[in-house]
Structures are given as C-alpha cells and as structure tokens.
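Presented as structure tokens, the chain that follows is alone, the form predicted on its own.
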C-alpha cells in the first residue's frame, strides 16, 4: 500500500474555533462548505452539493474540471457569504508581512481530494492516478492544489487553498473533534463509493523520507493508507469469475483490487454479473416462468430489454440495501423495487429470495473485508495491549453510504472483528465505531485551521527574521517585535 504521510501531526480535541471553507471532490459529487467551529465539539455547517458532469470526469484537460470546481466555489460565496465576496479583501498595513498588508477576509480552504496523491506539504500534492471512474491523463503528476488555486485566482475569489485533505483524514479529524472521551480517534475510514483509511502512526515508525515542513513535537503523523490498492497481486484476497470479469471491464484493470470487492461503486455490478450468468444457464429458472402456475403472484415473470441487468453498471448498489432490509414473508418491498428499478416484471418469491441471497453474500463479503482493514490498523497502533489504554475505547470514525445505509453492515463488521486473532470477543467490545457525518467538510476545515496556524507562524517568523538580520547588518537596533500600522 502507498502509506502516504499527510503532514498532519495531531488530531483535534474539540476546543478549536473559527470559520473555514472546505471543498470535497470525492466521487460523483462536488461539495462546497463553510464550517463554523464553535470550540465545544459542535459546529455549524453550510453547504451546496453538485453532481460532476460525466464528460468532465474524462475531460481532455484538467483545466476543464478545475474551472468547473472554481465556478461552484464562486456560486457558493455569492449565495452564502456575500459580505465576504463583496468586501473581497480588507488590507491592513503591517511591517510583519513581506507584502506590507494582511489578507484578513481571505477564506482558508481545505481541499478534500479523494484520489491517490503524493503529498509533499500540507497544501501540496501531486496526483498519482485517478480512480472511481475519473480519467484525465494530463492531471497526473501535477499539484492538484495549484490546479485549483489557479482557477480560483482567475475568478478573483478571496480564497486560499491552505490544506490538501484526503477524505479519510478528514473523517479522522472530524470524528476526533466531535467524539466523546479522553482519547483521540485512531482511524478514519470510508466505506462508500470507494474505500480508504487514515490512521495515527508514530513518527518513529515512518521510514520513508519526507520533504516539507511539519511539527515533530507530537511524535505522531496521520498516514493515508490508500488501502483500496491492497493486494493488487491477489495473493490473499478472494477472487471469483465475476471479480475477474468486473476488473477486466473497469477503467483501471489490475489495480484497486481490494476496493473492487468492498466499495459501493462495484458491489451492484458484482451482483449483476452473477445474475447475468444465472440467466444464461438454461438449468436455472431465475426470473423465468413457463406459465402462471409457477409464480405465487399468478402471473409470469419477464425482464424488459432495457433492464439494468443487461447493462454494465446497470444495477445500483442501493437495491442491495432494499434486499437486506426486507424481511417480510413475501419480500414485497424488494419485489416492487425489482419491478420499478430493474424492470423485472412480476418476480416470483423464489426469484426475490435468490436475489436477496446473492446480494447478501456480496454485501457480507464486503463487510468482512472491511473489518480486516479496521482490525489491521487497530493491531498496528498497539492499543489492544498498551497498559495505558486499558479500559479506554478504541475510537474509529467511519463515513460513506455503505456503512451508513446498508443494513447490518456494521453488525457484520463486529461479527468479523470477534473472529480475528488479536481482537477477539473482548477486544471487539473496546472498538467503538462511530459515524463521522460531514467528515470531509469538517475535517478539511480543521486541517485548514492547522495549516493557517503553521502558515502564519512560518511566514511571520521567516520575514521578521530576515528583517532583523538586515537591521543588524545596518546597525539598527530598534526593530519592533511585531508592530502594525493601521491604514483606512
């Protein structure tokens, strides 16, 4: 796995305050938020969410995509922060800034970018590769913060991209800000359209070289695992004919093999491929009736030609949630969904039972594999055996449609944790898995706060240091520590 250092060296404790912006490019939607941190583990959130046009996911140039993102930021500012937008920037003269003024109305923005990047600073990182259906070749190898800042600047917006945030890091930060208890959150994980995890690692365990500035005093750093690409060689992951077929037809064959067995983007397609195979088999009577006597609805089952069962990505994972939730004797809710969504007309009870069993097997495998990743990180932190952590909950923040909306997904994770060596029944009781709602927004804001503090301290220190050195050379002794002159 990539195990990417994030340059974030501490998790919050719930007392942080301020107004920050965050944007989230995480998959099929783009979110723009402003977050007011109240300093008491609570926050106020304002946001807009817009779908990414399909053509921009595979645009000819990265400029097309990032120009669209910057335009959404402009629309958000005009709608929700008109006073900032109109005032733009109020500037105060100050000797402590090399430009001679301070940008006081400029929003510090945390950019949640949920794709593999090689991070070289808190607001610098180059794209390693696209995932989740995106494919814009000219963006690979470029600094994604600079790409967004360039388009923001073209629109003259009062926004500075202060922090590059992976959504899992944001989830970790947001959960730590809002979670109860004395100990910080150790892992932030996404189980949604894609899957990934970020955890707190000891600096002493990080062997790869790191450029750029970061705070070494905490002894920790958050690591973005990029676990979606775990075991691309398939040495240990389960593999079926349907996994092989899905991978071959994907935009990134041979990579993200763990993600292709766990994330919501792919689970529905696995179910569809299984169904398609069964439909081709003449000895299986799935969704077929010779006459109405074979169907408990006294009708005959038929599948429309335009059914999603016959089209790649035509079976959305959300129908798996319906199947898991429907425990009625006739499975009537699921059968109605098969009609209205997949155009499978008059499905028999046996058909719905078969669909429920297939979807359940695919979903349970995803949950069990999710638990393996959680357990691996918990064991790596040493919290299970650390005497100083004894009795304390091991807090995990999670986000994403699967873990939030798929029935019994967390139950199946806990079932698996209890079966894992080193965790067991007692260990599973200590692991507290909590939803970190708005993780990418709030977490990104918290990292922007950290970045703004680093930026202010460094810029002022660097400039004043140079100023004092210059003054010394000229035998000037009365250089103020940090004086300001206000100009109307």
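Since we're looking at a predicted model, the values are computed, not measured. Residue numbers count along the first chain shown, from 1.
As for the form predicted together with beta-D-glucopyranose, it is not shown, yet the points below apply to it.
Identify, from the list 114, 317, 123, 185, the residue with a heavy atom within 4.5 Å of beta-D-glucopyranose in the predicted bound form. In short, 114.
Among 414-422, 306-314, 159-167, 201-209, the region lying within 4.5 Å of beta-D-glucopyranose in the predicted bound form by heavy atom distance: In short, 159-167.
Taking heavy atoms only, is residue 119 within 4.5 angstroms of beta-D-glucopyranose in the predicted bound form? Flag for residue 119 set to no.
Might residue 176 be said to contact beta-D-glucopyranose in the predicted bound form, defining contact as any heavy atom within 4.5 Å? Residue-level check for residue 176: no, no contact with beta-D-glucopyranose.
4.5 Å heavy atom contact, residue 109 and beta-D-glucopyranose in the predicted bound form: Because no heavy atom of residue 109 falls inside 4.5 Å of beta-D-glucopyranose in the predicted bound form, the answer is no.
Is there any non-hydrogen atom of residue 370 lying within 4.5 Å of beta-D-glucopyranose in the predicted bound form? Flag for residue 370 set to no.
Which residues in 250-269 have a heavy atom within 4.5 Å of beta-D-glucopyranose in the predicted bound form? Heavy-atom contacts within 4.5 Å come from 256, 259.
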